[in-house]
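A single chain, nothing else alongside it, follows as structure tokens in the form predicted alone.
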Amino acid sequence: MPANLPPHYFEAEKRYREAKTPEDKIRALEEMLTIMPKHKGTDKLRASLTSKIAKFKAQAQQRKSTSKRETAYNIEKEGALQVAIIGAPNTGKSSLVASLTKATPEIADFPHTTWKPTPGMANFENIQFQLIDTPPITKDFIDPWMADLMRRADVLAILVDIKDDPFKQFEDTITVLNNLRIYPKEMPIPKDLSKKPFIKKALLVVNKVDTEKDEEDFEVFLELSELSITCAPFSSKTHKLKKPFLKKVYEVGEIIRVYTKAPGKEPDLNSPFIMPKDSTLEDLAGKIHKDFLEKLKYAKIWGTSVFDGQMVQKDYVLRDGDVVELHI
């Protein structure tokens, strides 16, 4: 018995032949199966299509599993900034994260203790930063997934050990980053790159500044290095350098905190909106809700650059700490 296939079947068959992915092939095959009339003349063809669908579904599932393995260490962003703590072996990345968060990365005196990323939340005033402890990177080896993690992070905190040739550690880490087309924002970018670079906000953290002698060595390091990148000392053993470090993270991250209030009400100063630096009133309205963006007429602002309750328009550039009363 002839199959007597309708014209729509052959259109779907053409899409099947032209499909590039298992998912597209499956869609076309299922359409062919739906269009095909059911009788004895189409039994073999129906069985063939069903077999092909099963084969391509297996391929699609295998590809998804592989993709999940390759991106198993993608860390979902939380808090105001995601900060990847990176550097050479034994620079103290795990100790830094453990001292500022409730995370419990494995800490030891031997290199390569960390083999997977460990996130933790660090409190800074009324916001939080997500700090991620990462495996060490060297010119000889870097975990393949690390490139993606570093490119996604908001800030790279590059750790060096003040007691173990911090100049060389920094240069070696920068070499690794540059080989991945990652460049700290303040450092030069070659003009002959064949592919687009990833320009990242970065902070150089000189770690293990535990004593007064270490603090003197840090000052000498700053004078001799003459680096354009922002630097901060840190010690996991003392508390006095932890808040200044987080303040540097906040500054390098180029974000501001903005508060909102209803007319006649006080603002909630514990729940700021986190905005990129130089954001406008219009940007804030859009982040709150699309209706605010569409209906916003003006706002009143309380802040350092205006008098209290000053009326401003949509193009007003917000400042850190501004309190905004939106009027629609």
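Between two forms, the rigid core is defined as the largest C-alpha subset superposing within 1.5 Å. From 1 onward, residues are counted along the sequence shown. Note that this is a predicted model, so its numbers are computed, not measured.
This next part talks about the form predicted in complex with a small molecule, which is not shown.
Of the heavy atoms in residue 117, none are within 4.5 Å of the small molecule in the predicted bound form. The closest heavy atom approach of residue 173 to the small molecule in the predicted bound form falls outside 4.5 Å. When contacts are judged by a 4.5 Å heavy atom cut-off, residue 152 does not count as touching the small molecule in the predicted bound form. Interface residue remark: residue 210 is counted as part of the site for the small molecule in the predicted bound form, having a heavy atom within 4.5 Å. In summary, among the residues 230, 82, 90, 128, the only one with a non-hydrogen atom within 4.5 Å of the small molecule in the predicted bound form is 90.
Put simply, of 237, 168, 77, 243 only one has a heavy atom within 4.5 Å of the small molecule in the predicted bound form, and it is 237.
Here the chain stands alone, but in the predicted bound form its contact with the small molecule, taken as any heavy atom within 4.5 Å, falls in 201-209 among 219-227, 185-193, 144-152, 201-209.
A displacement of 2 angstroms or greater separates the C-alpha positions of residue 34 between the shown form and the other one, with the rigid core held in common.
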